[in-house]
Ligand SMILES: Cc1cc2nc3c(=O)[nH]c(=O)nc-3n(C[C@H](O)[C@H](O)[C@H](O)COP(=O)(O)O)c2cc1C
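Let's start with one chain on its own, the form predicted alone, as structure tokens.
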Amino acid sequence: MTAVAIVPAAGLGERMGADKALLDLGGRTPIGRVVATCRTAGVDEILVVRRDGADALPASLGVQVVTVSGGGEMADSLRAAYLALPAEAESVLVFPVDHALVTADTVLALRTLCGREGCEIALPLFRERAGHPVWLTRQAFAEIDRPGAVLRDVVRADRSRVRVVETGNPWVHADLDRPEDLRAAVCALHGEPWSTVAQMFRHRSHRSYRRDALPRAQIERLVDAARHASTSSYIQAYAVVAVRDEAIKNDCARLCGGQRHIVEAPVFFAVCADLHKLAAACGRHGTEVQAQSLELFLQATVDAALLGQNLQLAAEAEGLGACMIGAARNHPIELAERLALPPHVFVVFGMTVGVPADDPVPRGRMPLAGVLHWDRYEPATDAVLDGADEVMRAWARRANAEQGGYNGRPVNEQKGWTERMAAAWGADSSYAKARATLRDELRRLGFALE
């Protein structure tokens, strides 16, 4: 069946603020991606609908351009393209430029279906909802030339001639309408082939990294995504210092217990609770920020934690490894000075990020019953504590057997989680003693905590 692709790309891009067809989408334009996908799927003849006065498309695309007046709807673009269809076209692929991340396998599946067994219209289905592109026989597509007709009407006119292809590609739904849509699309191009939930289950802390530098654009992308975490009352009381300078990174490592992976990682993120911007906002309006408020301190700390977890998940989604560094609170004043933090800002925790050079054994977690409670809290049972102990011992056995231990040392396979926690946070806790001055240090950094 001779096919022609029609690519509507005549929108003004008002919400995006730019011509969508010519955006930078992972080093290629959306129109370039659509054209390449069509040709991979065996559709070589392509009509691109553009508005009058739009920037010219690269000649290297080898497409035919059909122009329409600006401000029209997609149906107007489709009618103009219908009038320009070559006589030999037996079927039409309507592939809006907004859906540039739809892949060739979806298009090929639509092509295989359309024209067979009474199918005149084939469209992709993601989670029970239809999307784009749409493949139509020429006869079905001709109905777009009726006054007032839109593609949706053509599809719904006779359900018996419509078939669907189920796909796992969410981009059959997504439009490139706003800048956040573009950011999401760029992130998807760099992402691992795991769902967000699957990525969460795959989490492991990585403490060894290759020397590969992280591009500035990638760091910006990760933090840009992370800052869209929930924030209490929209205060956005967080900041991130991305440390790449080797001398500063070495000092950060020294102040964080001498952890070598801080030096080894290409970037060390200092994730901060930040009331400095709130203080500036209050000063602009003749008042002072309530930095002594425990509630505001908690809000800023929670904000930083939410951003940090988002940042780690974003890094892992792009195939990177990460490790949270709680030792950033060992010397909060010295670390704040080294990073030139203003008053009312402190490092809640650090994070190393880079291309992992290790493959650590995942530790697992205590039984779900120790975390999830139904309607009311149930005190910890022996079964929960015993389960937590066994998870820890099983990890120790596997780490010893597969990797000779943890961080170069054998792990005690007899100690469970409860014994370790009692030693770490019981009456003789070295952690608690090491942080005994933290409240006073936070006061010196501008958090009075009255």
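Here the structure is a predicted model, which means the values were calculated and not measured. In this text, residue numbers run from 1 along the sequence as written.
Absent from the display: the form predicted in complex with the named molecule. The rest refers to it.
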Subject >> Partner proximity in the predicted bound form: residue 349 to the named molecule, non-hydrogen atom cutoff 4.5 Å >> reply: yes
Original post:
Hey, in the predicted bound form, does residue 331 get a heavy atom within 4.5 angstroms of the named molecule?
Top reply: no
**OP:** Considering only heavy atoms, tell me if residue 205 and the named molecule come within 4.5 Å of each other in the predicted bound form.
**Re:** yes
**OP:** Look up in the predicted bound form whether residue 109 has a non-hydrogen atom within 4.5 angstroms of the named molecule, and give yes or no.
**Re:** no
**OP:** Identify which of 170, 179, 342, 326 has a heavy atom within 4.5 Å of the named molecule in the predicted bound form; exactly one of them does.
**Re:** 326
Subject >> Answer option from 259, 218, 299, 293, heavy atom within 4.5 Å of the named molecule in the predicted bound form >> reply: 259
Original post:
Looking at 277 to 285, 358 to 366, 75 to 83, 140 to 148, which lies within 4.5 angstroms of the named molecule in the predicted bound form, counting heavy atoms?
Top reply: 358 to 366
Subject >> Residues in 97 to 135 with any heavy atom within 4.5 Å of the named molecule in the predicted bound form >> reply: none
